[in-house]
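Heads up, the chain below is alone and in the form predicted on its own; it's given as C-alpha cells.
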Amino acid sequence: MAAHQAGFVESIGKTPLIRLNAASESTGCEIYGKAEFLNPGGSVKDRAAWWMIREAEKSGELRPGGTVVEGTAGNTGIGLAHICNARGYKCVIYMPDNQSPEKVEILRTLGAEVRVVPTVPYKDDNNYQKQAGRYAATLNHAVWANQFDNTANTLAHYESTGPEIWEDTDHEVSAFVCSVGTGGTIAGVSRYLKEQNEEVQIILSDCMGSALYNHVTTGETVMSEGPSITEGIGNSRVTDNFAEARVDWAVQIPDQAMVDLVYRILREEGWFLGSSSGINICGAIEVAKKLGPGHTVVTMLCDTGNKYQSRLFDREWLATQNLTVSD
C-alpha cells in the first residue's frame, strides 16, 4: 500500500531539501533549500503552529471548543487557522496593517476572525502582539499562542526540522543559514545540529531595519537602517525563542539583493518564492563564498511568492520603495 498520512497535522514536516543549482554552481558548494512551502498550510510556520497547539492541549490549557488567539504577520496565523479547523477550535488573529492583503484574505477564507490593527513598535502597548495577549486573557477557554516567546516554537524545530536536515544531508551539513522573525527556527535547528556536531556553523541572515544583525555582531540590540519590505522577519528585540539560538555569526542582506534574487530564481530555475526565502538564499550564497568550495549549506524556503503578488511581485509597487527589477 502507498504511504499515506492520517490528517492535517500528520502532514506537517518531512519536507525535502532542494538543490539550488545556480547558487551551488556559482560558489562550488552544495546549497540546499528546505522546501517548507510544501507543508500543508504552505509555510514553515505550520510546524510552530502545531507544536504550540499541541503543547497547549497537553497542558490542559486548550480544551475542546476553545479559542486560539495570536498576533502574526500572516503565516503563523494561516497555520493556526488550518489546525484550528482540523481540531475544532475558534481562531482570532491580530495582524499589523503593513502586511500584504493576500494574507488577510487567506485567513478570512480559512474562517479566522482577523483584526487588522495599526503598525506600532513592540514597546507600544497597542502593538499587535500585545493586543492579542490582552484579548485572549478576556476569554474563557482561550490561549494566546504567543509565538515570539512561546518556546514550543523552538521545540518544533528541535524535534522536527533539525533532525530532518541532519539526516537528509547524511550528517554532512557544514552550515545552516536562516532569517529570524520569532527565532524559533534558528533556535531549534541550531540546538539540534550543534548537539550532533559542534562544528556546524549557524548563521543569521538578517534583513535591514532589524536589530538582530547588530545583536549578533556587536552584542548591542540596535536597529539597522531600514525599513525592509520583507514580511515576518527582522525584530527589534531578542525573543525568548531567539535567546535559545546558538548563532556563530551573521550577514545582512539589502532588499535590492533579495529582489534581484527572487526574480532571477523564478526566471532561471522556476522557483516562485517569498521575500524571507530570498533573504535566506542570499545569505546562504554569502556564507558559501566565505566558507569556500566543498561545503554543504542549508537554508529555509519559507513560503511561495503567491502571498506577495501585490507587493514584491508588483513592479510599480516596488518602484515606490525605490526598488527595481532588471529584465
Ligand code: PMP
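What you see is a predicted model; the values in this text were computed from it and never measured. Residue positions are given as counts along the sequence shown, with the first one as 1.
Below, we refer to the form predicted in complex with the named molecule, which is not included among the displayed structures.
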Notebook entry, point to check: Looking at 221-229, 81-89, 178-186, 133-141, which one sits within 4.5 Å of the named molecule in the predicted bound form if you count heavy atoms only?
Noted result: 178-186
Next item on the list: Could you spot which one of Ser190, Asn75, Ser205, Thr161 gets a heavy atom to within 4.5 Å of the named molecule in the predicted bound form?
Entry: Asn75
Item checked: Interface residue in the predicted bound form among Val173, Met95, Leu107, Ile233, criterion: non-hydrogen atom within 4.5 angstroms of the named molecule -> Ile233
Checklist line | Residue contact check: Thr299 to the named molecule in the predicted bound form, 4.5 Å heavy atom | finding: no
Next item on the list: Spell out, yes or no, whether the shortest heavy atom distance between Arg47 and the named molecule in the predicted bound form is within 4.5 Å.
Entry: no
Notebook entry, point to check: in the predicted bound form, which residues of 271-287 put a heavy atom within 4.5 Å of the named molecule?
Noted result: Ser276
